[in-house]
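First, one chain by itself: the form predicted alone, in structure tokens.
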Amino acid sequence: MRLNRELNHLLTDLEVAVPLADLEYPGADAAAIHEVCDALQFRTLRDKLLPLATDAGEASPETAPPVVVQTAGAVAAIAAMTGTVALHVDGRGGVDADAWALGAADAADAAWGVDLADLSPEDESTLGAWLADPNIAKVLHGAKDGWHALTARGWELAGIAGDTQIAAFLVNPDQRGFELEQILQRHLGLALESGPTAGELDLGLDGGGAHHAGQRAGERAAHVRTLAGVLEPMVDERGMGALYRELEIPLITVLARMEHAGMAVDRAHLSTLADEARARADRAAEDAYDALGGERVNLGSPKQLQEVLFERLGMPKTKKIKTGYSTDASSLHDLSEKAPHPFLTALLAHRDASKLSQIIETLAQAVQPDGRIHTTFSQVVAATGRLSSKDPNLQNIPVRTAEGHRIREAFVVGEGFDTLVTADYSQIEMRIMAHLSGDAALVEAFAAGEDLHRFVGSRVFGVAPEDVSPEMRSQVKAMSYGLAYGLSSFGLARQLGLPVGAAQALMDDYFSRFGAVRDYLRSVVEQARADGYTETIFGRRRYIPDLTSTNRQRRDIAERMALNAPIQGSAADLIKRAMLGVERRLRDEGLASRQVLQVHDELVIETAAGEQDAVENILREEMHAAGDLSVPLEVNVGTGADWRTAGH
């Protein structure tokens, strides 16, 4: 007992050479946390680790210099700034934003901040003229939000020359989170206080102290200036300087104008569609209950569905997951083909109708008092460079279903305009594939204007083009697009409902006749493995470190990314270039028509009376001129009073 006590006794006489203060936990490195979590695609863990990071003000002076912000006389000081100026606008964000503070920092040590709450008419005019001057280059973080906030005050933001949010995205598009606070942590090791909300400012809680609106905006402008000095050279080093300055930055204003315009909506039509979708969901639910003898199970509960499907009905097990067996949409569709059952048929119908109802209700809730939906486009979400849409997402409206067509009927031409004109590229990914691979047969097909999938089908199946059946054409179409996105023989078999051997034979036949495509797909992965990145036709790079990973699963995912990025990224760059050309022509020719929507390779223009022919010509000419490919770019144009009718 005595010996045990001696062994467990705490030592109090040990000589320690390090001062106790030096042993205190200094906090985690936020930049390192972001780097590791980005590389390993940890999201939840990132949120848990970041609170452990170094507090604001503890970053090294080399990367986070102290900021001196002046607010007295700030309007005159800002109005005197020329050259390149870092700008920060504090506002509510989004299309309905309004600005309450403005900060600016040029090459000098000091930054200036303005509380916009009580500006004199003279100061309003002075700041407005300075912001609208296109000769003063302005760099912001999230410039589009700043554009909206200033527009809501009646000001114009011109001269946008840089955006550190977009620069950070180009440097590493696979990161997650591109808000100013996150980018400062990653690249400067600087943690910021979140500052006051709009409500706190409205309640007068800024009190002229650390949370003073002008002080906060000035600090952030200074940080944007520092960030630009770090990130823009990195963009140049990665060979994307031209893409950044000539494509992504000019596109900011185009997208802001599109968001501001929005699309007019027929509310009554949306309401009717919502009622119909809810009724279909209810009927499908009743059918599901009837199939169980009237028992009303929770059709949204995976646990109850597992019990019904796999225990009571004894259906074949789907893929194993932590909580049992999967009941996700893909698994249940596969199960329905293997073991049809009235309950499963009704369950899938209920899910489809419920999903459609949710889409419609989300759209209805998004209609603003002006009778229009103002979606928000983002340039910093899709790593391939595609634009994304949110609040609401107009890219998830079904495009090939009758329900999707009826939803598109709800988007109509607005008051004061005459018609909608839509334009899209025909088979753009396959045209880019033909260009990148140089496959003579594919180039020949596009040059001759033939139906590509019928042309390919005739060669793969060894029949005359007129003898290619709809089933053959569908199989070839699925394979052609699938190959561009790294689809395996297993994936193709699952998609087409074929045995894996038959799918592999189909792929072998394809490659035997289009050998340059096979060679390109092999070479693009190997080149990316050697370089560390893929590159689009227009120079957009995507770095993919997992191509050399020792983990097979991560390496396979990386290889699919390497196949996908050059094709989808080139298509994204192409439509962006077209949008810039269309916007320039509309303005140069003094037309009142305007771009209101972009969905992947489709543009929608709201056309003023008497301008339809001019708009159609502009769309065709600018979309053709957006890229110089070895195959012609075919543009389809349609017109109508609503989005569906204007489709083609």
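In this text, residue numbers run from 1 along the sequence as written. Every value quoted in this text rests on a predicted model; they were computed, and no experiment measured them.
There is another form of this protein, the form predicted in complex with a small molecule, and it is not shown here; the text below is about that form.
Engineer: Do Phe461 and the small molecule share at least one heavy atom pair within 4.5 Å in the predicted complex?
Structural biologist: Contact check for Phe461: no, nothing within 4.5 Å of the small molecule in the predicted complex.
Engineer: Is Gln427 close to the small molecule in the predicted complex, meaning a heavy atom pair under 4.5 Å apart or at it?
Structural biologist: Flag for Gln427 set to yes.
Engineer: Do His374 and the small molecule share at least one heavy atom pair within 4.5 Å in the predicted complex?
Structural biologist: The answer is no: His374 has no heavy atom within 4.5 Å of the small molecule.
Engineer: Answer with yes or no whether Arg554 is in contact with the small molecule in the predicted complex, where contact means some heavy atom within 4.5 Å.
Structural biologist: Contact with the small molecule, no.
Engineer: Looking at 74-82, 504-512, 480-488, 574-582, which stretch has residues with any non-hydrogen atom within 4.5 Å of the small molecule in the predicted complex?
Structural biologist: Going by heavy atoms within 4.5 Å, the stretch is 480-488.
Engineer: Which residue, Arg541, Arg153, Lys138, His453, is the contact with the small molecule in the predicted complex, using a 4.5 Å heavy atom cutoff?
Structural biologist: Result of the distance check: His453.
Engineer: Just one of His212, Arg238, Arg473, His187 has a heavy atom within 4.5 Å of the small molecule in the predicted complex. Which one?
Structural biologist: The residue in contact is Arg473.
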